[in-house]
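Quick heads-up: it's one chain on its own, the form predicted on its own, in structure tokens.
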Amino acid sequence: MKKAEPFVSTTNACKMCTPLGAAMAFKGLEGCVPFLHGSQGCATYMRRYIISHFREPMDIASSSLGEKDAVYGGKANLMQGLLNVIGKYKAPAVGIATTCLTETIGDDVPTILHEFKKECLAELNGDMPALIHCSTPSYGGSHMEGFHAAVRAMVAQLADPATEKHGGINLFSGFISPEDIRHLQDVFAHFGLPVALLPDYSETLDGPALEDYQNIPGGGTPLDAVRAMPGAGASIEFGRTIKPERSAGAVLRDKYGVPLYSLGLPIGLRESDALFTTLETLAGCAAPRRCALERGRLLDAMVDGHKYVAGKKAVIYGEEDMAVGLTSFLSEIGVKPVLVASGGESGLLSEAVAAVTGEFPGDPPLVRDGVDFYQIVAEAEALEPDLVVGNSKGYRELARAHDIPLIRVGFPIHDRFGSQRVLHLGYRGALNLYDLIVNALIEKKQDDSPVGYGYI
């Protein structure tokens, strides 16, 4: 009889729960209200996490299941909850994500929604919003699986096969900051390429100050833009660790023949070069001069700052695709990644890290997926890094405990201000990250010196 592996509980997880990622993605669809089919506590936890990072209101509806519903099923709660949300918000779309509870008791959400549309259409005067659903139990992955599942569901369930061909580009940019989204839209505009970026939460989670509270904030990818995606000239999808069954671009390619360009998250020089080369191909013209200037400034900064970063060792953690992009960038600037870790378990992390580090001399970094911060700290202690790069969850046990500078990137960042405005992508984003890294190393050198150098 095979001996079972001893179970060790998770200590300070390096990931968030699956429906949180789905709620984030649904927030990027215009007029959409995220709705969790589960207990009230799930929605409360997620609101707290998202508000703390983005510092914006975040409504997440819930079917609020109790003990009785866990035995008899949550159909009644889901149907009543949808009526409440539709009545209160007048939302054109509701994004429904399941939770551990409703997946465990086996609620058949697609069938319940089918019955809801039949039974409640008259009560809603024939004005039924788009109801998008996805399966997101937390024991089935991380917040990134939930994010990609929601994006794929929006495309699969809203795309209109009868749409006419047009010259637009579909962009599935992954889980990035609102500032990254704005930058990508700016880049596409300068190439003259119309783009349908999904999901677009650049306004819904980083909007202007308003006189009155809005139930549904403005912004988001228009529903009609998603419906028209089958007619696009091509799709671009960021992420080296997205499996085909999680890919929205694969849905459009396989069902409607839309060409798909799968790229890494464009962090650093080479991954950004890959994006701009693709855009030149699609636009049929060279990159605008401003892009060439940004690339040139990045190279100039690398030359100027090389003496501060060369040979330093770094530990990187976070979402798998973010970790891969950061690993690629740090390798380019002369910092040696010694450990790349994630709570995600796509099974593709090692292959993706090898692809972006293979051309550099020296030993490849250790790669650990499916780990928590207890395991990351245990590995990092022996590696003696000079730098830690990741979200704020690694501050206390890793950065502070071992007096190592932490470069805060990704999600969540709960101990700094302006997280939604951190730019990671493109040449401009790489330059921003480079400045942060160089200055963190200079500050550490100053603080450790008894002299107090004012000129370094």
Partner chain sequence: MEPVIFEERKTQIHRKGAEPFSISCNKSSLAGAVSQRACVFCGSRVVLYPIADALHLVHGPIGCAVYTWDIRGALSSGPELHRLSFSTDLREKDVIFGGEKKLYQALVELIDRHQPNAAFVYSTCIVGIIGDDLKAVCKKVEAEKGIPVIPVQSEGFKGNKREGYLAACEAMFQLVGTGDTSTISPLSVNILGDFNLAGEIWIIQDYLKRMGVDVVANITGDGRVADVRRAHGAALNLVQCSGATMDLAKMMQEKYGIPFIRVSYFGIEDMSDALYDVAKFFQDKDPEIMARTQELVREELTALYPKLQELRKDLEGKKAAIYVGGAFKAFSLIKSFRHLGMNVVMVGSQTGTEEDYQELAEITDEGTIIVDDTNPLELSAFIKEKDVDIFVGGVKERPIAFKLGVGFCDHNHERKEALEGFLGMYNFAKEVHATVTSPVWNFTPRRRKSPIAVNHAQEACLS
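Source: prediction; values computed, not measured. Numbering follows the first chain given and starts at 1.
This next part talks about the form predicted in complex with the partner chain, which is not shown.
**Student:** Using heavy atoms and a 4.5 Å cut-off, decide whether 179, 281 and 439 all contact the partner chain in the predicted bound form.
**Tutor:** Judged in the predicted bound form, none of 179, 281 and 439 sits within 4.5 Å of the partner chain.
**Student:** Looking at 388 to 396, 422 to 430, 23 to 31, 401 to 409, which lies within 4.5 angstroms of the partner chain in the predicted bound form, counting heavy atoms?
**Tutor:** Heavy atoms within 4.5 Å of the partner chain in the predicted bound form occur in 388 to 396.
**Student:** Within 4.5 Å, heavy atoms only: does residue 247 come near the partner chain in the predicted bound form?
**Tutor:** Outside the cut-off, so no.
**Student:** Just to confirm, residue 456 within 4.5 Å of the partner chain in the predicted bound form by heavy atoms?
**Tutor:** Judged by the heavy-atom cut-off of 4.5 Å, residue 456 is well away from the partner chain in the predicted bound form.
**Student:** Residue 207 near the partner chain in the predicted bound form, any heavy atom under 4.5 Å?
**Tutor:** Flag for residue 207 set to yes.
**Student:** Test of understanding: in the predicted bound form, would residue 415 fall inside 4.5 Å of the partner chain by heavy atoms?
**Tutor:** Close contact is absent here: in the predicted bound form, residue 415 is far from the partner chain, nothing within 4.5 Å, heavy atoms only.
**Student:** Taking the partner chain in the predicted bound form, which residues of 57 to 87 have any heavy atom within 4.5 Å of it?
**Tutor:** Residues within 4.5 Å: 57, 59, 60, 61, 62, 63, 64, 65, 66, 67, 70, 77, 80, 81, 84, 85.
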